[in-house]
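The chain below stands alone, shown as structure tokens; this is the form predicted alone.
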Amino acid sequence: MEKSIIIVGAGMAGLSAGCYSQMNGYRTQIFEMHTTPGGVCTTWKRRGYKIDGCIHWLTGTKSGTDFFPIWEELGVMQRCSMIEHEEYARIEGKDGKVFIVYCDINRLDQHMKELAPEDKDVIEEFTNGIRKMTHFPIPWEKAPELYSPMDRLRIMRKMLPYMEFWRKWGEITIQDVAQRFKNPFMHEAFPFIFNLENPPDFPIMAVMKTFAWMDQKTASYPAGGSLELARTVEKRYLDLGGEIHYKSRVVKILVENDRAVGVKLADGSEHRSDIVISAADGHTTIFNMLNGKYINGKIRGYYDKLTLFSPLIYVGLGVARSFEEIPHTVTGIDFPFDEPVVIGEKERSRLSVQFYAFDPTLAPAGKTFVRVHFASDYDYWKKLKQGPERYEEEKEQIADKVVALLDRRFPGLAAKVEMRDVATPLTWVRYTGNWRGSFQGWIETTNTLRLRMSQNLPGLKNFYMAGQWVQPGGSLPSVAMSGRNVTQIICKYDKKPFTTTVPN
């Protein structure tokens, strides 16, 4: 008789775990607190516009590269149209100079040397590092927990040519590289190359890895945005025979004799299964659904000490203008202000804006969805929410300031704005449950670049975790892979071969 699995959460990890479990003969059902799939991988509608809340690029979109088979098995490559960009970002200086972060390595190398010929050696070290990363193997086929001695030997052999590379770059941060530039503009602009308010120890290898994917054209944007991608994987799961229950928030993992036996919902109903997989927020799962019973010092240390991706203020604008003159980029245009401006709880001197003219599905004809987001403080918004009127006023003030700043850089924009939407860290908590509003879990640092977390909890049988809380970096490929991995682990425990299928 086939075993039953309950999966908590219909984000990408939960959908992936559901798909692979169905492929391997398990009877699954997913319980999701929201009304749509995807979790953080989502899009919402406002006044004729779609606001994309997640994807800048999706790694693994080119045949023959890492992660491609996963997206093929999940039905993404058969149904989604991918959009390529020539530019990753544009970083502007106050003096009118522009650092164009080209996706092509050779073009990037040439452009950087034109901007800073005195930094030729630094630039070549950086771009040669990217070239090296284009061949860097990422083991994705098998869950690390299942590696045999032969598997480890095989992986070590693949990694041997990169050992010196790891020694050289493994502990170097993006800020370390910026400090090496003699050119004043590149010295200032380089830290913004990844379009992220980075912690002091954000590893340059993570940047190199991303730009290597860009150069290989295996990191594309799926037309239609994040929710369309999630809907595609949802369809794959349903076609495989799975069941999804929306508006069904799990409040407790049912445990008997240290074995997970099902879940209890917010409405009081209980649902039993042989196995439970939580693809929900890690903190909520461990400390609320399981009452903090199944932890050890290592797991406690993750939540006490590891650095989170900062929660975001997300400003979405609908603008009645085509912006045909704006170059298409992966992450947007980063520009400075004449004077610092207080936005939210922090004084800021720059903004990054993305014009989604390259995806006409997000806006009515001749119009454009425009997005600005920046890091914020969760506790600031939590305190502000205690006075609902003040919370809403602050959101409006942020929208006013962002529109005014954009209008200075792109004259006439303000007059064409016909939709404004502001999401705060509390918005993400409300709809996804993400701990402290962090949109991507643990951020990669020089200390966590090689960290691997278990998908089990100590002392609890028949229970597994998947998603962004079991792997620093929290990207869509890694969470989809975690769903695949957890199914492999279950199959191994049940002494059955792990199999996959590819839809037409």
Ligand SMILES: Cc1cc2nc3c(=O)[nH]c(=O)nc-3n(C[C@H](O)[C@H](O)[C@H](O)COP(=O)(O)OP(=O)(O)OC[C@H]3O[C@@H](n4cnc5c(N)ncnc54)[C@H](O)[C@@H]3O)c2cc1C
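When you see a residue number, it is the position in the sequence shown, counting from 1. On a predicted model such as this, the values are computed, not experimentally measured, just so you know.
The form predicted in complex with this ligand is left out here; the points below concern that form.
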**Asked** Any of the heavy atoms of residue 18 lying within 4.5 Å of this ligand in the predicted bound form?
**Response** no
**Request:** Please run the contact check for residue 440 against this ligand in the predicted bound form: heavy atoms, 4.5 angstroms, yes or no?
**Result:** yes
**Prompt:** Taking 4.5 angstroms as the cut-off for heavy atoms, does residue 204 touch this ligand in the predicted bound form?
**Reply:** no
**Message:** How about residue 468 - does it come within 4.5 Å of this ligand in the predicted bound form, if we only consider non-hydrogen atoms?
**Reply:** yes
**Message:** Looking at 99 to 107, 269 to 277, 161 to 169, 248 to 256, which stretch has residues with any non-hydrogen atom within 4.5 Å of this ligand in the predicted bound form?
**Reply:** 248 to 256
**Asked** Though this ligand is not shown, can you say which of 51, 33, 457, 70 has a heavy atom within 4.5 Å of it in the predicted bound form?
**Response** 33
**Request:** For the stretch 22 to 58, return the residues whose heavy atoms include at least one within 4.5 Å of this ligand in the predicted bound form, in the order they occur.
**Result:** 31, 32, 33, 34, 38, 39, 40, 41, 53, 54, 55, 56, 57
